[in-house]
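Shown next as structure tokens: one chain only, the form predicted on its own.
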Amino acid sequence: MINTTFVLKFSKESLLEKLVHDILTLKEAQNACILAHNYQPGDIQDIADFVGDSLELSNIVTHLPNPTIVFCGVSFMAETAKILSPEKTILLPEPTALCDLAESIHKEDLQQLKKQYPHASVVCYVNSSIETKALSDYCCTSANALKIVESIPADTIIFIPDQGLGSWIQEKSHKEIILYPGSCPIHFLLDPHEISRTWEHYPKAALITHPEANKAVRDMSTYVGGTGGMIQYAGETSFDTYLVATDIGMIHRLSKEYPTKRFILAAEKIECKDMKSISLQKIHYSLLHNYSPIEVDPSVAIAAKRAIQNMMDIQQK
């Protein structure tokens, strides 16, 4: 009697292997490069040439010889790569992969804030649209936000759009920080009680949390930092188990980096649906048909790049 379960499993594995082979063949033929954000599904991280956070990947693009980049992330990330490397073709395999945080503010909102606080400098989290960046004075990342804020001559800072990261900076800075009520739902809506219940099962674990989380979750954490900081912290500390309070994609990345350590999602359903909207099939289609290239308004891109460059100038000091 034929074991249909085995046959189906074998067939699926064979199809997957063929799909991966076809993607890699297309990539080589087109001299393309595949980038994957830390929150991408594990199978996409595994075939990517580079895995990292959004600005890290965009910076990598500027040094790559490849004319075509498949950016597996969300729209603002692919836009940033295009801003920094306008001569390259940046493909976003799923054009509807947006970001709730980036979409939480519009240029009219920022224009109103600037009128309300005319002497303030605008610091824009890199998780934002090209239009928002273009109206800002500086960009920042979760890793360098405090340094950027503290290095700016202005005493009043409009921090957009993330109130989670902004409030974290507000706690550490002596400056007046004007917050905008934008947020990343998967981080800002984390339930500290649910995390506490998870922690009860792993009492000796460290809790590592993204600064986009709400204050209650940040305050209970062993470490607060961006995805790059989490990777570094897990490598430099000696905990056997880490509770990870960010997107489930980080579990895959951390487990590959440190296979002898254990990484547990701190709560159920910490998952960005837009990040998971990209698939191997969509990557294949994008490469095959040059599908969904990122286009930006050159004048808006120049203004956005200025804000990014202002950040980089401070970062390099």
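One-based numbering along the sequence shown. All values derive from a computational prediction rather than experimental measurement.
As for the form predicted together with 1,3-dihydroxyacetonephosphate, it is not shown, yet the points below apply to it.
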Notebook entry, point to check: Since the chain is shown here on its own, which stretch among 190-198, 205-213, 171-179, 115-123 would lie within 4.5 Å of 1,3-dihydroxyacetonephosphate in the predicted complex, judged by heavy atoms?
Noted result: 205-213
Notebook entry, point to check: 1,3-dihydroxyacetonephosphate isn't shown here, but in the predicted complex which of 163, 129, 104, 142 has a heavy atom within 4.5 Å of it?
Noted result: 142
Next item on the list: Could you tell me which one of 157, 217, 92, 77 places a heavy atom within 4.5 Å of 1,3-dihydroxyacetonephosphate in the predicted complex?
Entry: 77
Notebook entry, point to check: Is there any non-hydrogen atom of residue 54 lying within 4.5 Å of 1,3-dihydroxyacetonephosphate in the predicted complex?
Noted result: yes
Notebook entry, point to check: Heavy atoms within 4.5 Å of 1,3-dihydroxyacetonephosphate in the predicted complex: does residue 227 have any?
Noted result: yes
Check: Which residues within 99-114 place at least one heavy atom within 4.5 Å of 1,3-dihydroxyacetonephosphate in the predicted complex?
Finding: none
